[in-house]
Ligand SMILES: Cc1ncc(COP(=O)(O)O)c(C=O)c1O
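Read the single chain below, which is given as structure tokens and is the form predicted alone.
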Amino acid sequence: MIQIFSNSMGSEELAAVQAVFNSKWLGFGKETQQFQEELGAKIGSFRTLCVNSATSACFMAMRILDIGPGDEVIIASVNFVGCANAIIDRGAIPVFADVDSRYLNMAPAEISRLRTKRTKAILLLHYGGHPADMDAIWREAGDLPIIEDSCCAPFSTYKGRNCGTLGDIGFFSFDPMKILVVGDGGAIILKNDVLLNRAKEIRYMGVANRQSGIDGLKTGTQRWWEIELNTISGRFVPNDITSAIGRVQLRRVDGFIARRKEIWDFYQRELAGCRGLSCPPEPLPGTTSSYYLYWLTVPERRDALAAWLTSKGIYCTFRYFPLHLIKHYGSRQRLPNSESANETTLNIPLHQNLQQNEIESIVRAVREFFG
């Protein structure tokens, strides 16, 4: 079956892992420090910390901003379930916002509609790699902190700035289905040093500026094994195995995105005008996309098209199931654009490993369905 996601691992990544094995230091160390620095240089923010997953980064973000019981966080309903879970884990309330019907990013006007005295932050997603309309988001948000879920858009840009650096806190995912892959991992980006120092403590059990006893030894203290806590937290650090892979992937990622754009452009040409569907929009002016997802809007028979494609050996799906429709959350909100997307949107394969004959067969299968 033609997969909807894929990754590109090879001999360079294996050699990087072998070097870590040979060093006998597999945990948080120099590879992670270098990956952080190189990633920060690429995205234009040296307040970048690697973590063990994007979900951990989102949970950290809630603690960094001191979001707690009774607080409200406005979050686009078309979003990853871990983001809503992070809000609820703090005793806070996710207030689900509707999305723009074409881009599936948070509709900016939803912020003023949903904002109350209890609203403490906004959590937005750059859907499919296309940056949200940040000028409108900033106007609506005012002084509210903005958290960017940039897992779909790790190297997308908005008016020259990298997604993930546009708000107060941003985060990336490097899991096996993303563009840059380390196995499992992520990164969190902080707007200022106050947030950065808070994030360092929360990332490592509440201990400030320290990852091991060796760090204590470097300070010159006579009892380098002694510690003190500034807060209570978990352990969200990555390791040098995944970071070594990440450093190689970082050197290759521009090529991955270039190939994704070629496939995006092919779909846009070959499916334009196909009766029964609409193609996704191009990125907003002044922005660039990482082209993580390609989404069709199929007003009628979307589920039948999905069944047809899978019968032809082409995997497809819809990401992301609207959060306000998850029964466990108990939301009574009605969000027409998100609900329409849930009934009409279909993601088809888009990744750098697709061969020309595969994308041609995908287009052919879609066209055959609509006759």
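One rule holds for the numbers: they count along the sequence shown, beginning at 1. The shown structure was predicted, so the numbers you read here are calculated from the model rather than taken from an experiment.
There is another form of the same protein, the form predicted together with the named molecule; it is not shown, and what comes next is about it.
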The unique member of Ile257, Leu296, Cys152, Ile245 whose heavy atoms fall within 4.5 Å of the named molecule in the model of the complex: Cys152
Pick from Leu323, Ala54, Ile43, Met60: which has a non-hydrogen atom within 4.5 Å of the named molecule in the model of the complex? Ala54
Using a 4.5 angstroms cut-off on non-hydrogen atoms, would Leu125 count as touching the named molecule in the model of the complex? yes
Contact label in the model of the complex: Cys83 to the named molecule, heavy atom within 4.5 Å: yes
With a cut-off of 4.5 Å between heavy atoms, is Ser77 one of the residues that contacts the named molecule in the model of the complex? no
Report whether the minimum heavy atom distance between Asp175 and the named molecule in the model of the complex is within 4.5 Å. yes
In contact with the named molecule in the model of the complex (heavy atoms, 4.5 Å), from 230-238, 177-185, 84-92, 104-112, is stretch 177-185
Any residue of 33-51 with a heavy atom within 4.5 Å of the named molecule in the model of the complex counts; write them all down in order. none
